Structure formats: structure tokens, C-alpha cells
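What follows is a single chain, given as C-alpha cells, in the form predicted on its own.
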């Protein structure tokens, strides 16, 4: 079975931070870039985040534009993509907006250990263990493929980005860069330390670069597929 086409999306500072060290969430995108992200959301089958993003941002992971939701419905698709959370520990808050009972409920990919302690009931989420002590991303992608997911948008955070990139499971990366550096005020990073296959010997291919106001958007794609991948156009 072919795995979903995986798109990683992030907004960051020039020096690679997703946020600063303050309690208030730092805005790194402008309105035009947020609308671009909404368009990307409308074109995928599922949107995924890690548990840290759920705790920090309390996202809903819905398509915001009424016109785009209507277009999806007219095409026989749900108004918003399937919502996915990666949480090895299973420690998630039922009061998070993501678990509001909206159908279809989100899928939480967790470990066997996490599944045994996860407080979410069936009306909040579908809890799927894909590994005993950790989350096996390949098993999660296989499960999503079995549910008809062909395109998956991964929106963060840094731990999830690192896991997907280091496992060589990213086909496309959308990076929106804000016009400032955070330095010692920086919080979470786009990626952490890992052995990445996207090295100087096998770089990603730049397919788009443009200004969105003061935001610089760069879109990269992979050129070399691993044996696990389908053929990427």
C-alpha cells in the first residue's frame, strides 16, 4: 500500500525558531501567509500535529475559509481534513478544542503504554497504538493510507518535524521565514539534533521561493525516494 504524500509546514524566524520564550504565542506569519496555509489545508486529506502543539497552541485544525469548506463539501469530501495527533505518552487534555466531539473525531496515534493511560473517550478521539513504547510513524502512515488518506499535512511541532524528516518520510517542506532572529529569546526550534538523510549528498530540491509581504516562503521537494516510498512526481 502506498503511504500518504507527506507535507511538512512551519513558520519560523530566520534562525529557525518556531516561537520565543514568552508565555504568549509569537506570531510568525502574516494574514496572507495564513490564508496560504488554509489553502494547503483544504487540499489535503489529513492534518497532523504533535501533543506538544496541542498543549501549547490548542489548535482546532480546521479549514477556516467558508468558500474552501463549501468546495470540499461539493466535491463529496468532509468540510475539513481528518485531524491527527501524535502522542507517545497518551497524555492529552480532553478539554482541548481539538477534542470537541466534531465528527469525524481526531485520530490519536500513541504507544501501547500511552493507549492504556490516555484519558480520551470514544466521543473525543479514536486512540490507535502503533508501537509499544513509542509511535511508529510508518505504521501510522500505513493506517492513514488504509483510511483513504493520500496527502498528509504535518504542522508541527519541532519534535514531530524532526521525527518525520529523520525517518525520511517527508516529500515536501513548506517553510515560511519571518524577517527577524530570536537568538537567546528563542523557544522551540523547527528541528532538533538528529541524523537527517536530507544531507549535502542528497539535498532537497527548491521548487518555489517567493515573498508574501515580509515573509519569505520556500517550498522544497525530495528527489530521491527510499524503498518505503511510492514514486514521487
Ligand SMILES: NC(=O)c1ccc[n+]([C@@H]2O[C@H](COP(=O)([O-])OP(=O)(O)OC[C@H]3O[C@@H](n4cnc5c(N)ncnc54)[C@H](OP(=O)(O)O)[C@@H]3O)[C@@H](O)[C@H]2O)c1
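Only a predicted model underlies this, so the values are computations on that prediction, with no experimental measurement involved. Positions refer to the first chain, counted from 1.
One more form of this protein should be noted, the form predicted together with this ligand, which is absent from this view; the next part is about it.
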Quick one: from 96, 149, 107, 163, grab the residue that has a heavy atom within 4.5 Å of this ligand in the predicted bound form. 163
Just one of 56, 178, 62, 173 has a heavy atom within 4.5 angstroms of this ligand in the predicted bound form, so which one? 56
Counting only non-hydrogen atoms, which stretch in 84 to 92, 68 to 76, 116 to 124, 141 to 149 is within 4.5 Å of this ligand in the predicted bound form? 84 to 92
Considering only heavy atoms, tell me if residue 40 and this ligand come within 4.5 Å of each other in the predicted bound form. no
Could you tell me if residue 28 has a non-hydrogen atom within 4.5 Å of this ligand in the predicted bound form? yes
Residue 10 versus this ligand, in the predicted bound form: is there a non-hydrogen atom within 4.5 Å? yes
Indicate whether this ligand has at least one heavy atom within 4.5 Å of a heavy atom of residue 158 in the predicted bound form. yes
Check, residue by residue, if 18, 52 and 137 all come within 4.5 Å of this ligand in the predicted bound form, counting heavy atoms only. yes
